[in-house]
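Coming up is one lone chain in structure tokens, specifically the form predicted on its own.
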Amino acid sequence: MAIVGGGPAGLTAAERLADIAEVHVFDAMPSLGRKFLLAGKSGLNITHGENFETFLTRFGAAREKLEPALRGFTPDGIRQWAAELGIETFTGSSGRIFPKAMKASPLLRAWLGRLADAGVTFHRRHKWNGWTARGELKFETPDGELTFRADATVLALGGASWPRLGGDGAWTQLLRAHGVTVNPLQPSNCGFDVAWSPHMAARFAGVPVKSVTLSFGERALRGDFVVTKYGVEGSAIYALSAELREAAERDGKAVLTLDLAPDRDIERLTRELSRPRGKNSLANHLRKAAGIDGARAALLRECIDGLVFDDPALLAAAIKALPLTLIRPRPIAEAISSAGGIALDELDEKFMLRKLPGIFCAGEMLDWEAPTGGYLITACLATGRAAGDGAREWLAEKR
């Protein structure tokens, strides 16, 4: 039994198979779970504690296909699984669930130890290069090409974000060559380019803009983002990234609307901005009358005509609905995750490829996307478990 990919999806599949088969896990990198470790560098958000029916909605169009797997390994189930590894978890104020130690490394270390004790064999520095004419798996290794015959295989190769950690998307061509529909990989949970002035890019890169309301289409949310030298990024931008990316691809841009003063209504803003400035500069007037300074004030100057500052009503309207034009998403290599991948219709209910019997797929290489907040790791764990269980049934039927 072969598992190709040593991230959360692959390791979960290995765990489901170790008691019935000789399991070999292959990974291209020198160590396993590299992206998992990066995700936990500032606190491993392993899942989310919101109402499960609401949780399911975070997967958008992929919900129907993913729901059986997600119900098979719920957030509560993931917490129990972590506890069995000796990892206590807690729910943060936002509903996000973390290990008490916050880091990913203790969980990964305990997990790999349990798999090794179960007899799983790990092969590092083994990059998958497809199949031989006889159906054997081919790997590029430091010692040259190696082949491996497996009774069944789980592919869990990730997407194409953070390629230096192993997810380079090279597998897409290998599967397309066998007639599998693989939708183009695209950045998800990503930043966007904005045509900043040189002053904005130099002076405000790295500055956070906190507690604003962002609106696009029918969606509006309150949150934070960060100005970067190329544009914007951060949790609130990531939450809208799928819709923003699609609009930018379709229209050549996406216009995001910012409410820079969500706690003040437009009538109050107009009234306070209409007060005489006296000897105050415009910057001081904005700060005192509307709470607008720093990066907020710079955003106003970037996005509206200078004449608007002379009209309190127009200025208040701009503060409440500031149009920020996003040009394009940042490259996929910079994204937290990727969209696109194996079309879900290519898989049967056991996560086996219909065109390649005995080959199961899981994790980020499937065509789904979700926001940050524990949803990404949960879906990788859940689909890994589903693919492992599918392979388990396949092996049982073949015996």
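In this text the structure is predicted, and so the values were computed from the model without any measurement. The first residue of the sequence shown is number 1, and the count goes up from there.
There is another form of the same protein, the form predicted together with a small molecule; it is not shown, and what comes next is about it.
- Stretch-level contact check against the small molecule in the predicted bound form with heavy atoms at 4.5 Å: of 330-338, 64-72, 50-58, 349-357, the positive one is 330-338.
- Taking the partner from elsewhere, every residue among 5, 8 and 28 has a non-hydrogen atom within 4.5 angstroms of the small molecule in the predicted bound form.
- For the chain shown alone, residue 23 is not a contact residue for the small molecule in the predicted bound form, no non-hydrogen atom being within 4.5 angstroms.
- Contact annotation for residue 79: none of its heavy atoms lies within 4.5 Å of the small molecule in the predicted bound form.
- Put simply, residue 44 is close to the small molecule in the predicted bound form: some heavy atom of it is within 4.5 Å.
- Under a 4.5 angstroms non-hydrogen atom cutoff, the small molecule in the predicted bound form has residue 126 among its neighbouring residues.
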